[in-house]
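Presented below, as C-alpha cells, is a lone chain in the form predicted alone.
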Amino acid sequence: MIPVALTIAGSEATGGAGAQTDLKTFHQLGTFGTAALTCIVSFDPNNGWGHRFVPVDPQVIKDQVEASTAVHDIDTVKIGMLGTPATIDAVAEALDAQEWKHVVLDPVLICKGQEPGAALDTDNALKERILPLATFVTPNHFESMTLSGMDAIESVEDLKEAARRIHESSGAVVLAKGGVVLPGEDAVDVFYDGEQMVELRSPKVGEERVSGAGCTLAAAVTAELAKGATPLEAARTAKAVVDSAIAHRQGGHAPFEAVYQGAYAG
C-alpha cells in the first residue's frame, strides 16, 4: 500500500508553490497525496505580480479534510498557507477530529512587523492555535526570527539558537532554513530535535530565492515521514529534493523562477 499524506494549503495557480507543489513533491517521493485547499492565490501580472487572495469558506476546508481522512488512513499532514484567523480556527478544529502521528508546519507568517491589523491577528492565531499542534516545523529566516523572538539571525550559530528556542517553546522538531540569506558559499539549514543539532549544508544555487522552495522542503519532509523515515532522515532527503528543485527551476514571464521537483532521483 502506498503511504498517504494530506496537505492543507493554498492553491497557487501557476504551479510553483502551495498545494500544487506539495502534491508534486509527494508524488516524486512515492507518497499518495491528498489536499484540502485553504485559499486561492493568483498573481496579478497587471499589478507588479502581487498576490490576489481569496479564502475558502471554513466549513468547506473542514469538509475537505473530512473527505480525505474518510477515504484514506492518514496520520501525516503538512500545513501551509492559511491566511485568516477563521481559516486557522477551521484547520485546528479539523485536526482535533483525529490523532496525528506527524503534523508538519510550514509557518507562513504574513506580518512583517508588530503593527495591529489583520496580518498580525492571523500570525498570532497561527502561533496560538496551530504551532502547539505541530510535531515538525520548517521556518525560514524571517519566521525563525519571529518564532524565536530574536532581533537578528546573521550566522549559523544564530540560526542554531533560533532552532533551540523554537523547539523549547513548541516541543516540535525544527528545521530552520538559512537558505541564501546567510553569508557564505553554502546554503545551511539547521535541524534540532531537542537532542541532535545538525547542520545540513549544500552549495548555494544562485543568490536569489526561488518560489516554492519552502513548500517543497516541508512537503518532502511530510512525504518521508509518511513513509516511515526518522525526522533527521526526512530532513536530509528534503534538503536534497530542494537542491534539485532549485537547480532545475522553471522560468517564465514573471520576475521570479519556480522550483521543479521532477528531476530528483534520490
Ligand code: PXL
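In this text, residue numbers run from 1 along the sequence as written. Quick caveat, the model's predicted, so the values are computed rather than measured.
Beyond what is shown, the protein has a form predicted in complex with the ligand; the following relates to that form.
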query	finding
Listed range touching the ligand, judged in the model of the complex by heavy atoms within 4.5 Å, from 63-71, 195-203, 221-229, 40-48	40-48
Option touching the ligand, based on a heavy atom within 4.5 Å in the model of the complex, out of Ala90, Ile130, Ala172, Met81	Met81
Ala17, heavy atom within 4.5 angstroms of the ligand in the model of the complex	yes
4.5 angstroms heavy atom contact with the ligand in the model of the complex for Gln250	no
Cys215, heavy atom within 4.5 angstroms of the ligand in the model of the complex	yes
Within 4.5 Å of the ligand in the model of the complex: residues from 1-21 (heavy atom criterion)	Gly10, Ser11, Glu12, Ala17, Gly18
